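Only one chain is shown below, in structure tokens, and it's the form predicted alone.
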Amino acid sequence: MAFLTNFYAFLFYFAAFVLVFGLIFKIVQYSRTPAPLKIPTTPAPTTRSGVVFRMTREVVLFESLFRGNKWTWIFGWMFHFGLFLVTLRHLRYFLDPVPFPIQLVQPFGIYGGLAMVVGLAGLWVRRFAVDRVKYITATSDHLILGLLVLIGCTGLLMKFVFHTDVVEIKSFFLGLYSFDIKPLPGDPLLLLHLLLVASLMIIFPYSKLLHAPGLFFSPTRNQVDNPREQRHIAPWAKRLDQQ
């Protein structure tokens, strides 16, 4: 078991490094990418506060998806909100003592896991059932959906069928903070679940999942609709004018 414990400790150190620095790299890249045109999707807000309100609706309610396709919105919102609850619930493994709000969310996190898997299943069926979506679906889309479904299913199985020692799991992850590697339970389902989670962390900054931070840098969403009041010039175009 010492080998498995050390392997998973190294794996999560590596996955955390790739996730954090990969996200930083991509966010910096997004922030430096010029938007040469004023292209907010209309009807668009004409003030900066309006843009903030629009972005909030987009992030929380998936407003544009709701307008586009109600079934996709239902399954997409189920998955994302379920994932949010699951993430909050899992914070108990990384915090000691566990804050009271995280304690309150524990039972809801279980329902979040169920909603997450159902939402993913609906989105995956859509990839096969809707011709125009099936046409643009790549193998990587199926692999990512399959990875997320497996993460959700293995997590639910550990909750309802094959129980594991959550105290040892928490001890293992808390020990990673201080480089004090604690024994990890050798349950096969747990090891599979952790392997899948680490894989997700590694591919996240380099896959379509990066739409999470990318949404905030979308010029169709974050621009003020004021082309008549204020001329929009990209930074590189300003340098050309000065020459």
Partner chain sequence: MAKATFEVPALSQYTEVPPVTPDAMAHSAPFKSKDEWQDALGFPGELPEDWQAKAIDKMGDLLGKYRSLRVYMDSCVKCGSCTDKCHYFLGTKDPKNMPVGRQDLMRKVYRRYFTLAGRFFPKLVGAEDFTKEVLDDWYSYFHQCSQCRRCSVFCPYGIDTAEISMAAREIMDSIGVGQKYCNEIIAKVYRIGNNLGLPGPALEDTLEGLEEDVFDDTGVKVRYPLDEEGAEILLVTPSADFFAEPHVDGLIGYGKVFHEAGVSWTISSYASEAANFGMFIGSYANMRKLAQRIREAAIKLKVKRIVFGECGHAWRVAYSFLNTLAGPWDFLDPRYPVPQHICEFTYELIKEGKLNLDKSENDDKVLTFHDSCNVARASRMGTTPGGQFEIPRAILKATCNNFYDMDEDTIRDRTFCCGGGGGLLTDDLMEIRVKGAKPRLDALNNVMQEKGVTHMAAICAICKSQFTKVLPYYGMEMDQIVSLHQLVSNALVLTPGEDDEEPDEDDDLDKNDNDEDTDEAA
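Everything quoted here is computed from the prediction, not taken from an experiment. Residue numbers count along the first chain shown, from 1.
There is another form of this protein, the form predicted together with the partner chain, and it is not shown here; the text below is about that form.
Stretch 132-140 is the contacting one of 132-140, 86-94, 109-117, 161-169, since its residues have non-hydrogen atoms within 4.5 Å of the partner chain in the predicted complex.
Put simply, of Ala44, Met201, Leu174, Leu194 only one has a heavy atom within 4.5 Å of the partner chain in the predicted complex, and it is Ala44. Of the residues given (Ile181, Val51, Leu210, Leu189), Leu210 alone sits with a heavy atom within 4.5 Å of the partner chain in the predicted complex. Heavy atoms of Pro219 reach within 4.5 Å of the partner chain in the predicted complex, making it an interface residue. Within this chain, Thr154 is remote from the site of the partner chain in the predicted complex, having no heavy atom within 4.5 Å. Although the partner is absent here, Ile233 sits close enough that one of its heavy atoms falls within 4.5 Å of the partner chain in the predicted complex. Mapping the unseen interface onto this chain, Leu37 counts among the residues with a heavy atom inside 4.5 Å of the partner chain in the predicted complex.
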